[in-house]
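What follows is one chain in structure tokens, specifically the form predicted alone.
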């Protein structure tokens, strides 16, 4: 890390741009994939991605490489300056940012960084053996990684940090209609209980009774944390970022201070939460901060990078993405407040409903109305008179996510970490009324 800073220092001194920013992201990850209860892929990869953002007046140029040397970075800066000279001015741009040193979270664990392929294989075998007792085949992935980030700019920002993560997801199935999904995530591999992951998957796939088909319509549903995270991820993309607020393409626009969800729903971007332990600064070197997005159902705010913070006349919350991104800021570390019920209590309080483990996929239908479609998968069950009575043939939904979060009857007191597309979420299960199913999957 210190070597990268030294290289950046020299290149920044030689830059002829008005302002220059250099970013290096180093990732080392190891992946074990398995199918039909056998490991079929075991890989490791280490690489650097380096960006230079050059600013001349109000023109901006971005260049990228993966060659880490003084000569290469000097050339990267020249390329970014050349690209900058060919751009049109952006009258809304003001400046790069000068940021204080971020306080590093405890996100790096040696136990994860040094976890061996043999240990990954042993963990997979534990899961396979447990699934095999119920004559279930196992497929899935198990990944460990270390990510290092360095940001330096000509205004004096100097940041460096390192985090680890371990994640595993499994699907258990047989030749009939039985299937079950489970996953686990932690910065520290020691916190993952592989037997618990296997048992959760087996519990889904081994429910007794024949699968039933339900008619389309509205039902009370209980979404397990993975299904809640599917919805929360899309809400984050659609409405919890400063770009959508500025362009009035967010369902949060003009709604700050208004009720948009049930009063038992509180959502925050909370990267410094001890369970989350996200990288303590963003790709501009701005320290990440906690942002309350929804508090007891009331819209409170969204996240920003420096560009959209200036346009909205607020401070950056430390949510800038990579310099060449086209998305604008969105939350990367969301936490939902827990409720006061156990999952079993939520099921027991349901006269007739559907338990959903997770969604196979979701797609937008109407972004402004937050309407999505998708199908349930690997653990959908009928609840009758407070008990799970039968597996349900997977069904397609067409549902406004805001309406769903407005119809929350209960939240579980247990929460689970769920990673999706670079976003980490710590969420409970949710009981929701009037959830719309439109057909069989």
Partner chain sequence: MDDVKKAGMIALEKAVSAGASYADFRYTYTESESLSYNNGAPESVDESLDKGFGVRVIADGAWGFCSSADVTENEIIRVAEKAVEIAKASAILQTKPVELAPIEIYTDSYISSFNVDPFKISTAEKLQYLAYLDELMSQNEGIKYRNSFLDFRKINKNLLSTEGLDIHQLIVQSGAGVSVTAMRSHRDRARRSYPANEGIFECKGYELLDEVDFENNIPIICQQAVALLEAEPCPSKTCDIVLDGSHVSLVIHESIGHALELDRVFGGERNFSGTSFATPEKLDNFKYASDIVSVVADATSPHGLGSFGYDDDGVKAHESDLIREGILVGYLSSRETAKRIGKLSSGAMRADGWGNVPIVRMTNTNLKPGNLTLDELISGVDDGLYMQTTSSWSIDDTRENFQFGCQIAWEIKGGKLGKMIKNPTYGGNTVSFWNSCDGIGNRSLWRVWGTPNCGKGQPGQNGRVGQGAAPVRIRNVKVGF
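Positions refer to the first chain, counted from 1. Keep in mind that what you see is a predicted model, and the values were worked out from it rather than measured.
There is also a form predicted together with the partner chain; it is not shown, and the following applies to it.
- This chain lacks the partner; the member of 283, 108, 185, 251 within 4.5 angstroms of the partner chain in the predicted bound form by a non-hydrogen atom is 251.
- Here is the short version: of 311, 259, 141, 192, the single residue with a heavy atom within 4.5 Å of the partner chain in the predicted bound form is 141.
- Taken together, the three residues 147, 292 and 386 lack any non-hydrogen atom within 4.5 angstroms of the partner chain in the predicted bound form.
- In the predicted bound form, residue 396 approaches the partner chain with a heavy atom inside 4.5 Å.
- Interface membership of residue 181, defined by any non-hydrogen atom within 4.5 Å of the partner chain in the predicted bound form, is confirmed.
- At the 4.5 Å threshold, heavy atoms of residue 364 reach the partner chain in the predicted bound form.
- Residue contact check for residue 414: none of its heavy atoms lie within 4.5 Å of the partner chain in the predicted bound form.
- Only one of 356-364, 275-283, 219-227, 293-301 places residue heavy atoms within 4.5 angstroms of the partner chain in the predicted bound form, namely 356-364.
- Of the residues in 97-120, those that come within 4.5 Å of the partner chain in the predicted bound form through at least one heavy atom are, in sequence order, 117, 118.
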